[in-house]
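Before any questions on binding or motion, here is one chain by itself as structure tokens, the form predicted alone.
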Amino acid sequence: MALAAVAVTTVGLHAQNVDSTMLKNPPKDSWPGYHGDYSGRRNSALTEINTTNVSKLTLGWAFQTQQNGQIKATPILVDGILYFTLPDNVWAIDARNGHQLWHYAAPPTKAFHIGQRGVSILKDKLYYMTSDAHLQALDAKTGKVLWDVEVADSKKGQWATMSPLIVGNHVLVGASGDFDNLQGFLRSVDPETGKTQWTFFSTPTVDTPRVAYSGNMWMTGTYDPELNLIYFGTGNPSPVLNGKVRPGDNLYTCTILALDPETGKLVWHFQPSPHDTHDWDAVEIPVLADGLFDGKPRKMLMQASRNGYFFVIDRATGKNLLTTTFGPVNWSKGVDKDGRPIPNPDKEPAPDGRLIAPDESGMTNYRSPSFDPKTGLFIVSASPSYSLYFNKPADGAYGWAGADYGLWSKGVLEAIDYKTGKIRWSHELGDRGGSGVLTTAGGLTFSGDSKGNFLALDTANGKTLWHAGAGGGIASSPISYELDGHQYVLMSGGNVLFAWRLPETPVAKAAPAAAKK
């Protein structure tokens, strides 16, 4: 283990004291969880930066990690300190100037280093998933490892990418992976001791014949404190492209789950991709919002799914309210009475190939969407696309079990009206983008394009109001916070964090005293 602690003068590393109240209602000088708050909306209430002045944004500071790889993490912010990650690395930096406070480098492992989404915090402890699927508790003041527990055996093909979801006295984690036949799960861990409280398995054990395996948990879920329900999406089934050996819907793969956080008991489920054979997991963020739907007040859950469908669901009951597409889709025969797409057997991977829309990376993916309650727009980084899928008997019934080849794709920001599913505006991004989305009460949508440009758009119509080059690919989702009375927008490009703000207003010089006559 390598640990560096660097003294600073501008921030005191006092106890963070993050509690459930703060996580439920984060103050404007914080971003204490992966989504900011529990809703997954990524909508900031800050307005200092708005449509009238965003063109004046200037760089406040930048932090160079000196590491390989793109930052995919969402930094969290508490008491003026930002915490963020790359695989095997955690940093604490001063949110006012980007100065490093400490850096934790985890021991190197042979696990798959596909990415790392960030840490979570409760009281004075950070919770970090290592690449080889261990959950570590770190001292937020120093980065020292306080305890370490194995969540999954990485030697069997499961690794970890997610930022844990903290709900009450529960640290909620899962593992990733789809190169092997695995058993997917969500686990609740005691934040003080690391002991397992409960485990929900999304699929049977891998020695069960003719069933789907995997259904892994790649991404951070959301939480409704009033209903006391947590919402997680599960990954695709395995074998991935061979559906013949796992007949049926393959529950609970490619499924949105509503669970009791105290017990892990399943309350309801909705399956966006029954019997998936195209690697379209349903782990995309389940966004929570309240509003009118068909004239009635509803507590809704919305998901733009990787399979090309947009869903609106009553999150108290699981009842489907709306199912529609948000790009080209050719793999289904329609929608059933429960709002689920009906897979077309003729579109399953075959020895002579099948032309499928969208492609394996999906109409969207891990990049976070945002919901703007003022306009009622659900804004997502989408990717209309096509690919060829193959499966033949020789591919067997293990792991990927076939092949797919992307043919064409592009990137576009889409603003979906949640009441109708209609796309109100779209903004071309060039190739497929990797950036998530942030909306603000200042009427702005922040994201990035495929060429490494940070963008600020007018949320009302999608027009560009500001842009700046990042010098690297953008693979994280922006956040915003207020410190010392000023709003910051934090974005990453490549392996660098950038903090943007408005320039200081020059202090007017006092007029010279009139000369005595």
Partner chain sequence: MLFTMSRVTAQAPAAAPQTPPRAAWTVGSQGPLPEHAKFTREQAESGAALFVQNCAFCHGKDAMGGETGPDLTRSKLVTADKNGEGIGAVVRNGRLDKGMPRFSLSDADILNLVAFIHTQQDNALSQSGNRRGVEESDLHTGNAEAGKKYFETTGGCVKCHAATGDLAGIASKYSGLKLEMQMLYPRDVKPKATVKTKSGQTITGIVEYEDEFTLGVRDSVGIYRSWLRSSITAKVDRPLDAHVDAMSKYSDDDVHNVLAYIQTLK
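Positions refer to the first chain, counted from 1. What you are looking at is a predicted structure, and each value in this text was computed from that prediction instead of being measured.
Note that the form predicted together with its partner chain isn't included here; everything after this is about it.
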Requested in this report: Please run the contact check for residue 149 against its partner chain in the predicted complex: heavy atoms, 4.5 angstroms, yes or no?
Outcome: no
Query raised in the report: Is residue 419 close enough to touch its partner chain in the predicted complex, meaning at least one heavy atom pair within 4.5 Å?
Result: no
Query raised in the report: residue 294: heavy atom within 4.5 Å of its partner chain in the predicted complex?
Result: no
Query raised in the report: With the cut-off set at 4.5 Å between non-hydrogen atoms, does residue 464 touch its partner chain in the predicted complex?
Result: yes
Query raised in the report: in the predicted complex, which of 118 to 126, 269 to 277, 97 to 105, 154 to 162 comes within 4.5 Å of its partner chain (heavy atoms)?
Result: 154 to 162
**Report entry** Listed residue that, although its partner chain is not shown, lies within 4.5 Å of it in the predicted complex (heavy atoms), from 109, 183, 320, 136
**Finding:** 109
Query - Sole residue of 246, 427, 170, 299 within 4.5 Å of its partner chain in the predicted complex, by heavy atom - result: 427
Query raised in the report: Do all of 372, 460 and 498 end up near its partner chain in the predicted complex, with near meaning a heavy atom within 4.5 Å?
Result: no
Requested in this report: Residue by residue through 341 to 369, tell me which have a non-hydrogen atom within 4.5 angstroms of its partner chain in the predicted complex.
Outcome: 346, 347, 351, 352, 353, 354, 355, 360, 361
